[in-house]
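Here we start with a single chain on its own, the form predicted on its own, put down as structure tokens.
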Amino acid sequence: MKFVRTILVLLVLLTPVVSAVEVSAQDTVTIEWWSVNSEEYSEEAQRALAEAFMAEHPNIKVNLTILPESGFQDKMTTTLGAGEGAPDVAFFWDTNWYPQALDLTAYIEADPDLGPETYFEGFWKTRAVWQDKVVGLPLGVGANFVMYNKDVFDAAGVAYPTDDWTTEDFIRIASEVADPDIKRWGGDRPRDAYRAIWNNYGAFLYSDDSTTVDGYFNSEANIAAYTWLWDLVASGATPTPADIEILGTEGTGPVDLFMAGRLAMATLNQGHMLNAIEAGVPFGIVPEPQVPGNERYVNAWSLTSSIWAGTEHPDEAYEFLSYWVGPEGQRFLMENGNLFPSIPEVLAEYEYADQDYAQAFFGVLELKQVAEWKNEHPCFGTVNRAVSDVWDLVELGEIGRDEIASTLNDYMDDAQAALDECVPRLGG
């Protein structure tokens, strides 16, 4: 009897343990995470991050799927459009996907460790907030700035550009350091209008309420910006579109020309900065040139990381999202990859944060972003395409300096028609 009683006691003691294991297994939630492989965060680093998260959260399993960028775009568009099969957590890098993102406002308000103040203000505004909702969190940061090759400047005997330089200084310095005899250009040209330099001039395509182009596209600010571009082209200190096209077929772009000392200054980004460090090219960084008296802008970016509105596990999805894009995850990807975090407190821990180039880059991140206006005006791309001939005419030197104002006026009807067509379709 004693033996039987012992067995019964053991069974009673073991029963709750078995039940707890069964309950634990039933309570485990699987979160589907879709991502891409990147120079900033490799597949290996992301899988290690998922493992670190799961070690701290045994009730949540993260199933990571790495897709090529084109495949990611296609699958996200298809699944979100169908309203089924989308991942719980993923990059929502296409603003057309934002309506399918879970509104995180209530989660952020209830989170004692994460909020708007956690991130760079500009990236929170441009990548987290959409139509007064929090549609995601900004992962990493990137920005354009001007890199100058110190060896080239030293050889030419030209002083380095400084943070307070102007658009006119840009043309002057580029002309001084250029040397056609050895096929060296002083600087490059903007990629397009209505980026940082145009905004620095106060030049915008149309009114803030998206009703008119009159007084905006043909404004004095726009005339001044296009005139500056005309002067830069006329200086001969920059590669022509034909130069870039020919060099491009040889696998040589602006960054390659810069590294080879054939381009003294170039508008590049933090990835190119890391390339220059690795190659041992001595360089400095300054913001894109300003216009005295005007607000200064930066062309910057981040990736919006979101939760699908159709997720069956919003709480667990937020638990992972806030880890991945919060201080822990971004610190992990910085230390195990090339990510520059969107969280100032974590970015300050960057291994080379005390270097001049890092401090210059960090300073650029504090400027007002071009994306603030563009994100609020979805018709920008449509209207800009309608007037792109103006850019081409100036770039190719096919109009005179005194014809810029009249050329802008020639395209007013096209710009207004594009705006009128777009606003009912995409909104203001």
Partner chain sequence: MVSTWRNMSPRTRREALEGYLALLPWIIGFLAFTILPVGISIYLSFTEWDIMTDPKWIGLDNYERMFTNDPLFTQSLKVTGKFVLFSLPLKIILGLALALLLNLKVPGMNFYRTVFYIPAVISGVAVSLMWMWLLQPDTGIINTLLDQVGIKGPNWFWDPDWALPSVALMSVWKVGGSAIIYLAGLQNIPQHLYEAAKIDGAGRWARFRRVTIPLLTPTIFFQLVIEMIDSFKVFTEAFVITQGGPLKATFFYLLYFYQEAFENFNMGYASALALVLTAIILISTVILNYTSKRWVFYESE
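Positions refer to the first chain, counted from 1. Quick caveat: nothing in here was measured; it's all calculated off a predicted structure.
If you look for the form predicted together with the partner chain, you will not find it shown, but the lines that follow are about it.
Not displayed here, the partner chain is approached by E245 to within 4.5 Å at the level of heavy atoms in the model of the complex.
In the model of the complex, E335 stays away from the partner chain, with no heavy atom inside 4.5 Å.
In the model of the complex, the partner chain lies farther than 4.5 Å from every heavy atom of V177. Interface residue remark: W97 is counted as part of the site for the partner chain in the model of the complex, having a heavy atom within 4.5 Å.
Heavy atoms of no residue among N63, A371 and N375 are located within 4.5 Å of the partner chain in the model of the complex.
Heavy atoms within 4.5 Å of the partner chain in the model of the complex are found in one stretch of 74 to 82, 197 to 205, 214 to 222, 283 to 291, which is 74 to 82. This chain is drawn without the partner chain; in the model of the complex, the residue among E56, D392, E366, E43 with a heavy atom within 4.5 Å of it is D392.
Of the residues in 374 to 395, those that come within 4.5 Å of the partner chain in the model of the complex through at least one heavy atom are, in sequence order, T382, R385, A386, S388, D389, D392, L393.
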